[in-house]
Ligand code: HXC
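One chain follows as structure tokens, the form predicted on its own.
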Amino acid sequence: MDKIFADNILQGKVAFVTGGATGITGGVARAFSEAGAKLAITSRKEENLIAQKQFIEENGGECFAIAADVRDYAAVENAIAETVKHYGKIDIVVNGAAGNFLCKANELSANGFATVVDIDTKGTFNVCRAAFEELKSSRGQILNISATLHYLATPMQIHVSAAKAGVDAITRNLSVEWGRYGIRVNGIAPGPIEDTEGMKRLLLPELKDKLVKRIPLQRFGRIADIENAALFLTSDAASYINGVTLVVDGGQWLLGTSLM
């Protein structure tokens, strides 16, 4: 891929990335490292953290890995504290920890609904709240990974739609409340990203051709598309952008997400 950004645009920054071992935010973490940032990554699965840490360090980056469940505020506080102990500060927080599965609303259990909301919405708040003092000190920023599922209606995704609507509300509210401290809060709402495990699990093969025809750009997104959006929003080029959730979906949500 041709180089898009200048070298080391995040040089000197420390980025704390939840869900930073795999998937979209794993890609964002690697892109931040390539852009010069020092990384702290957290996930529930230690084996994923070990593999990501090894990859980043083998490619010349710095990576601190610590296991934590974003639903557990004490565990999040500890991960933030250990990151500050390791690097001395935090400049960027990326909330990417998420859960998802397909389920009809009338078959969804209360526990299943609550689990996704707890990870996505409560987890996003937990990390933002725990990192506040550090971000206030560094005049840092938050980037929340959202979705487009709740913009209209997406069958079998009521739990995720509710959770991500909450994430968008957190982005808007914190951008207003914390802007006075120099903290920028933005989000990215990815569309269908084909090189993710979620896309492989959630989208039936027979629906792929039908879905791509509902994307004005006539292609699925790639993790690299989200990486580039994340680099832009966290760079000085976006220094006056605050409270925005940037949709990166090729225009798909404008035509609706339902395939029924």
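In this text the structure is predicted, and so the values were computed from the model without any measurement. The numbering used is simple: start at 1 and walk along the sequence shown.
There is another form of this protein, the form predicted in complex with this ligand, and it is not shown here; the text below is about that form.
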**OP:** Check whether Gly99 has any heavy atom within 4.5 Å of a heavy atom of this ligand in the predicted complex, and answer yes or no.
**Re:** yes
Original post:
Is there any non-hydrogen atom of Arg44 lying within 4.5 Å of this ligand in the predicted complex?
Top reply: yes
Original post:
Is there a non-hydrogen atom of Thr121 within 4.5 angstroms of a non-hydrogen atom of this ligand in the predicted complex?
Top reply: no
Subject >> Contact test in the predicted complex: Lys89 vs this ligand, heavy atoms, 4.5 Å >> reply: no
**OP:** Kindly indicate whether Lys13, Ala31 and Ala68 are, all three, within 4.5 angstroms of this ligand in the predicted complex, using heavy atoms.
**Re:** no
Subject >> Answer option from Asn173, Asn78, Ser137, Ser109, heavy atom within 4.5 Å of this ligand in the predicted complex >> reply: Ser109
**OP:** Specify the contacting stretch among 126 to 134, 80 to 88, 100 to 108, 173 to 181, defined as having any heavy atom within 4.5 Å of this ligand in the predicted complex.
**Re:** 100 to 108
